[in-house]
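Single chain ahead, by itself, as C-alpha cells, in the form predicted alone.
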C-alpha cells in the first residue's frame, strides 16, 4: 500500500545526544501492519536524498489508525526526516516484509541489543494480549540510553524487562548474553524446548544469542537489517545468505521480501563465497 500519512507527533526521546526520535503517523497501513514488518518512508520531496528509508514498526494502534516509528538519526536521510513536523504528510509504502511468528504456547523471550528493541515492542504487546508469558532481555550503553530508547514504553505496557549496561549504571554490568546466562537457571531461557525467542540488534549479538538458544532447543527468529533501495525485491540491494534446513543447500534471500524476519537456524552469519 502507498499512503500519504499524516504526522500526529514527532519528537526527540530523552537525552538529545542519543538522537532517538519518536514519530507517530496516522495511516491506513496501521490496519494491516504486523510486528516485525516495516514501512519505506520518503524522507524528502526532492531528489536529495533520492531513496526512501526503511523503518521498522514500533507500535500499532489499529483503532486510531496510528503507527509509531522509533529511529536513530545517523545519516542524511534520517537527518532530513527529523525535520518533519506535526501536521505534515509523509509518503509511506507498507506494510512490507514478513513479521514475527506469535507462539501459541510457552514463553516468548525477546532479546535486544541497542535500538534493536524497537521492532520487538509490538510483538511483546501482541503476546500480552494473548496472555503469552513474555520477557525482554535488553543490552545497551548506559542508563541514559535506555531512558532515551523507550524503556518507559515497555514499563507502561507492563512487559518484564531485564537490562544489562556496559558501564553497569543500570541492571547487570556486561553484555546481554551474559545477562541471559545469569538469569537462565530454572527458567524457559535455560530449558530451551518449548521456548520461542525473537532477537534484534547488531549482527554479532544476534549471531551469538541465536546460537546460544538454538543449542538449548529453542525456536529462534531474528530480525535482519540491510541497506535497501526499492524494498520490494527488485534491486537486490539487501541480499543475505541462508541454508535450507532439509536439503542443506545454500541460497540467497532478500531481507526486504523474504524477511526481515528469518529463522535463526537458516541464517549463515559468516558465509564467504
Partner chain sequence: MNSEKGGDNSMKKINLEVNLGPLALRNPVLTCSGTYGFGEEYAPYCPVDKLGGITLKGLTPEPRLGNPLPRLAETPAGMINSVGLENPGLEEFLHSYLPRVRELPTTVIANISGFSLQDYETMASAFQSGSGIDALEVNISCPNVKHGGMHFGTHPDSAEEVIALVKKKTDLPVIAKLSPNVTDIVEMAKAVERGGADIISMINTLLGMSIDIEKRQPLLANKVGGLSGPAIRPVAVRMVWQVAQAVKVPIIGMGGILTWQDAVEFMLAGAKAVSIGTGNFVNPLAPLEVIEGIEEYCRRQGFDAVEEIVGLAL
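Worth saying up front: this structure is predicted, and the values here are computed from it rather than measured. Residue numbers count along the first chain shown, from 1.
The following text describes the form predicted together with the partner chain, which does not appear among the structures shown.
- Of the candidate stretches 148-156, 94-102, 166-174, 120-128, only 94-102 has residues whose heavy atoms lie within 4.5 Å of the partner chain in the predicted complex.
- For the options 218, 205, 51, 224, the one in contact with the partner chain in the predicted complex, meaning a heavy atom within 4.5 Å, is 51.
- The closest non-hydrogen atom of residue 257 lies within 4.5 Å of the partner chain in the predicted complex.
- Heavy atoms of residue 236 reach within 4.5 Å of the partner chain in the predicted complex, making it an interface residue.
- Although the partner is absent here, residue 232 lies within 4.5 Å of the partner chain in the predicted complex, judged by heavy atoms.
- In the predicted complex, the partner chain lies within 4.5 Å of some heavy atom of residue 42.
- In the predicted complex, the partner chain lies beyond 4.5 angstroms of every heavy atom of every residue of 111-146.
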